[in-house]
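Before any questions on how it binds or moves, here is one chain, the form predicted on its own, in structure tokens.
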């Protein structure tokens, strides 16, 4: 059995928090750079400014956006791993505190949803665990800003709504979000399972490598069709018009009940922040 110390976990979380908030994935930069010359209008100018902002953030080690999010953490932990030196939950939370202090990142978390007193350290995180075979420990940190998060939606469709009901709801969600989700966006979609699983699947869909198609050709075709329809809305970068409203549509699915068709859409802003690492 492999042992992993909580101090190492906290340090890794802190590192990933800072990196996620100051660096954009190469895939996003490449796609935005490729789209820039195709749009001679205001949308193209906005893309140019977004790319410049990304360069400055990385070189100056400053946040890409003032909303440095609430931290969502996905952990895949092997069955043959033993956590030593303390609580895993507390280690992850301590890592968030350390990262947001070290990186001078805005603290955006309130301890109660109504009384709204700021916790002062951006903790606690939202943590999802997955137990897998082996002795690996993989962690993904996603600081989720609430411009895009607030525009996400969930609906319990019925089976009779079918694939057209799914497509209509996804497109409607993007249109209603318009500029509020900070386009060009990534569209994460969770279909099936139950009420809560559909939402988690939608959020995890945002972590897939940008533009990597669903392994099932049926769903890959749905992703491609939705991406075309979304970009035909002409919402464009920052909602100011243009060819690029979404960079990708990623769908996750799971088995569901004969009477149900849960559907969740989680939107990621134009930087779709997340970083991952191994211990």
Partner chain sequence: MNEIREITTPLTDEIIQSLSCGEMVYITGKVYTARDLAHGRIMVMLDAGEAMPFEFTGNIVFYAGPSPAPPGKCCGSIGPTTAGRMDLHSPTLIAHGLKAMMGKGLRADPVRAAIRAHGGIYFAAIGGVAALMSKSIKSVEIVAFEDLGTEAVRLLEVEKFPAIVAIDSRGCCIYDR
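Remember, it's a predicted structure, so these values are computed and weren't measured experimentally. Residue numbers count along the first chain shown, from 1.
Not on display, but discussed next: the form predicted together with its partner chain.
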Non-hydrogen atom contact residue 239 with its partner chain in the model of the complex at 4.5 angstroms
yes
I'd like to know if residue 253 sits close to its partner chain in the model of the complex, meaning any non-hydrogen atom pair within 4.5 angstroms.
no
Look up in the model of the complex whether residue 65 has a non-hydrogen atom within 4.5 angstroms of its partner chain, and give yes or no.
yes
Do residue 210 and its partner chain come within 4.5 Å of each other in the model of the complex, heavy atoms counted?
no
With its partner chain left out of view, choose which of 179, 140, 168, 194 has a non-hydrogen atom within 4.5 angstroms of it in the model of the complex.
179
78, 85, 147, 124 - the one with a heavy atom within 4.5 Å of its partner chain in the model of the complex:
147
So, 46, 60 and 116: all three within 4.5 Å of its partner chain in the model of the complex by heavy atoms, or not?
yes
Counting only non-hydrogen atoms, choose the one of 70-78, 195-203, 157-165, 97-105 that falls within 4.5 Å of its partner chain in the model of the complex.
97-105
Quick one: name the residues from 22-55 with any non-hydrogen atom within 4.5 angstroms of its partner chain in the model of the complex.
42, 45, 46, 49, 50, 52, 53
